[in-house]
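Given as structure tokens, the chain that follows is alone and in the form predicted alone.
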Amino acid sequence: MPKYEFFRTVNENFDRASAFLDVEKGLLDQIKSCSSTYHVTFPLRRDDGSVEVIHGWRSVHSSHKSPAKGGTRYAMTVNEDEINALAALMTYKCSVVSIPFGGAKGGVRIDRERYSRGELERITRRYTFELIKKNFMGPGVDVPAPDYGTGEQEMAWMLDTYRSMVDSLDSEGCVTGKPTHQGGLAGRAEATGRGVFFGLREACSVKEDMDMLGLSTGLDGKRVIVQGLGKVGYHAASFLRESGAFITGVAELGGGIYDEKGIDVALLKEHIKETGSIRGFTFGKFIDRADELLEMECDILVPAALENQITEKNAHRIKAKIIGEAANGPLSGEGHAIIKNRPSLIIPDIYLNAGGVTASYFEWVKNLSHIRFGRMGRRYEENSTSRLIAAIEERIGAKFETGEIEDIAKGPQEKDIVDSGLEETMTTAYQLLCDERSRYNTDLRTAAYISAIRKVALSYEQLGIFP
């Protein structure tokens, strides 16, 4: 079986899109190459006294904007090709949604389930130490975030390690996805899934596309199958369900659940948390092979796990009319080519899962400005609205109920502002992608790459790197 080369697939998408643009070949070669990749090995003293060698990577794909930005994943699949590919996707992702970061990615090759909390802390701190030592981390250099296999705790350890080595007023900005009490952002945990929801909502509002697929506009009544009920998949499914979609299938490690009447994903998540498995969930039909769910009838398929899930081997059996790439690279190049040649809509990863980096940008700005969003204006807005309500009551000679006044006058908290900014970012970006698609008569993925390459090329030219 040939080895899957993720970075090659990303560059094939790049080449396909760059053919539409009048950009010098040398500049294109520079854009798609990784600027630097750091492979580090270090020893870990296990709790039982044995020593194990740990492998980690950090790749900076582009520094056309500073700092570089990208997650840190802990998984046995981590290797240099994967990290380089994900770093490149981060460059294009930030560009598509107009976030002023370069692209980066990091990872450690471990199965976190095999390690104790203390061992994970030692791995995280040593990995962070190695990045700082080689100037691969800092608020103005490269800013890690959570990814598959990591979360708030790992980011807190990274922040603490950075603070112990670097004396800086802006140290909180060295990572994003932190706990809120350590400079994190309200709403960051669900931001990627929230962004997936906003993107799918926009896609389903385009009447021409829905007519082509034989679907009505809007999310209401749409049948959705989600692969992966982690941080991204769970929140995306929850928001879709709240908007009237039916989550008819959930695929997880160890199997899947199918129910054409719709699955309560909160209840399923709780079951997985309590039992450690999707097995035994009684509200739906258990499917032994999770990959079978990808091939079942539905309107929207949301692959929210890892890359290379839909390939030339199963693409012809995929029945979903809309595929929303909540994960990075879930469709191989061959899989994409098969599906796009029939009535379908593929919403690409470099747009659809950009909600996480968008919220990370908001968090980074908050850390560097040293002020919580809403702190300056919230009370002023509430008081101004209350005065306006009082004036209206006096003019019309009627009184609002107390509860109504509180709802109307309530000023935005940080989470409200973050959610509003995320909605604006995802909505505007999708409209621009549709414009690019029409302009070049191509698919959404190619349109997204065209948009990203054009913006990055312009940045390089304006920097004067190529006199």
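Don't overthink the numbering: it's just position in the shown sequence, from 1. None of the values given here were measured: they were computed from a predicted structure.
Although not depicted, the form predicted in complex with a small molecule is the subject of the following passage.
Visitor: Against the small molecule in the predicted bound form, would residue 239 count as a contact residue? Criterion: heavy atoms within 4.5 Å.
Guide: Close contact is absent here: in the predicted bound form, residue 239 is far from the small molecule, nothing within 4.5 Å, heavy atoms only.
Visitor: Using a 4.5 angstroms cut-off on non-hydrogen atoms, would residue 93 count as touching the small molecule in the predicted bound form?
Guide: Close contact exists here: in the predicted bound form, residue 93 approaches the small molecule to within 4.5 Å, heavy atoms only.
Visitor: Taking heavy atoms and a 4.5 Å cut-off, does residue 188 contact the small molecule in the predicted bound form?
Guide: Yes, residue 188 sits close enough to the small molecule in the predicted bound form that at least one of its heavy atoms falls within 4.5 Å.
Visitor: Decide whether residue 374 counts as a contact residue for the small molecule in the predicted bound form under a heavy atom distance cut-off of 4.5 Å.
Guide: Close contact is absent here: in the predicted bound form, residue 374 is far from the small molecule, nothing within 4.5 Å, heavy atoms only.
Visitor: The chain here is shown without the small molecule. Which stretch in 381-389, 361-369, 135-143, 305-313 comes within 4.5 angstroms of it in the predicted bound form, by heavy atom distance?
Guide: Comparing against the small molecule in the predicted bound form, the contact stretch is 305-313.
Visitor: Give me the residue from 169, 337, 396, 253 that has a heavy atom within 4.5 Å of the small molecule in the predicted bound form.
Guide: The residue in contact is 253.
Visitor: Counting any non-hydrogen atom inside 4.5 Å, which residue from 157, 246, 281, 148 sits next to the small molecule in the predicted bound form?
Guide: Only one listed residue qualifies here, and that residue is 148.
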